[in-house]
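Heads up, the chain below is alone and in the form predicted alone; it's given as structure tokens.
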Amino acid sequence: MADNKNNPGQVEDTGHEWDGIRELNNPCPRWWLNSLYLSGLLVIVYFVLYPSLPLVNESTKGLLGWTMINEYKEDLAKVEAKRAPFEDKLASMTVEQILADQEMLNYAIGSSKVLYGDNCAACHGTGGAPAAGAGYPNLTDDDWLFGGKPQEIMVSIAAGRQGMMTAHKDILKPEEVDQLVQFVVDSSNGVATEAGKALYMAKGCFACHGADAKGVKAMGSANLTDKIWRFSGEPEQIRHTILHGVNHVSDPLTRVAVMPAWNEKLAIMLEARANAIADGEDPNEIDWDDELDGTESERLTETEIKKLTVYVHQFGGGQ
């Protein structure tokens, strides 16, 4: 309605009528019209000051030259400038040195949350504990197939891991599978029988899982004497693993358990350094032209892998 409340008979009639109600042509309130004109003026000012119209390869720049991406880059540069001293120091430290330096430890953990979320959480869970039955290693317990020391964790991240267990469906008789399933269940409860142990040894299971059934770290084989299960501790699931194995390429029902390599170059360097030290040689004298061919992938940098090593170690399961 107009502010002056004209008599309906004196207002222009639009000619429209519904159920006896005539539509009049009252003018809009003045405050409303002024707001409309002002908003139009603001649009023109915005077009002049800020990027507005898309062109073929870019957009109009505007008098202020402001863009959201430039503001983001400026803010990012400020953050990186504050992080630079920590990043430079961390790059020159070993994982063990980072763990011993509380300030650097706090920085490594704090700056790894997004890194872990982007690259690791999809499999291992946001807190290091994957969903039950997912088949991914739990990083919060003390069960480390390839070792839980900082350097071993770093190698696992850099090189990736792909354990292997032979499918036994064509090797074992049904009654032998039943006995071995029971042996695994009994071993996890600490009540394995001599008969079960004898079959375990006779079928060569000890070659991978060890004579004590506690696994062999160098092979990444599972410890059968604890109650930590990567896949499941249910008898039928244990039977499935025995029958079809893990990463057995010729069996379509095999368990698939593969962790990708995040830095092949670093993995080779870590192995070469470890071998040099084991042989009593100076790792600083390694000829990297002989060790590396330049085609190694680097999905994450060495510094990022150090951070993730520290982050995973602090979940509570690191040794």
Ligand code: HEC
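Start at 1 with the first residue shown and count on from there. None of these values were measured; they are calculated from a predicted model.
The discussion below concerns the form predicted in complex with the ligand, not included here.
Using a 4.5 Å cut-off to the ligand in the predicted complex, each of 119, 204 and 300 places a heavy atom inside that distance.
Screening 105 to 113, 91 to 99, 144 to 152, 69 to 77 for residues having heavy atoms within 4.5 Å of the ligand in the predicted complex returns a single hit, 144 to 152. A single residue from the set 283, 260, 27, 62 has any heavy atom within 4.5 angstroms of the ligand in the predicted complex; that residue is 260. Contact check for residue 161: a heavy atom falls within 4.5 Å of the ligand in the predicted complex. Contact between residue 195 and the ligand in the predicted complex is not found at the 4.5 Å heavy atom cutoff. Under a 4.5 angstroms non-hydrogen atom cutoff, the ligand in the predicted complex lacks residue 244 among its neighbouring residues. Contact check for residue 228: a non-hydrogen atom falls within 4.5 Å of the ligand in the predicted complex.
In the predicted complex, the ligand lies within 4.5 angstroms of at least one heavy atom of each of the following residues of 175 to 194: 180, 184, in sequence order.
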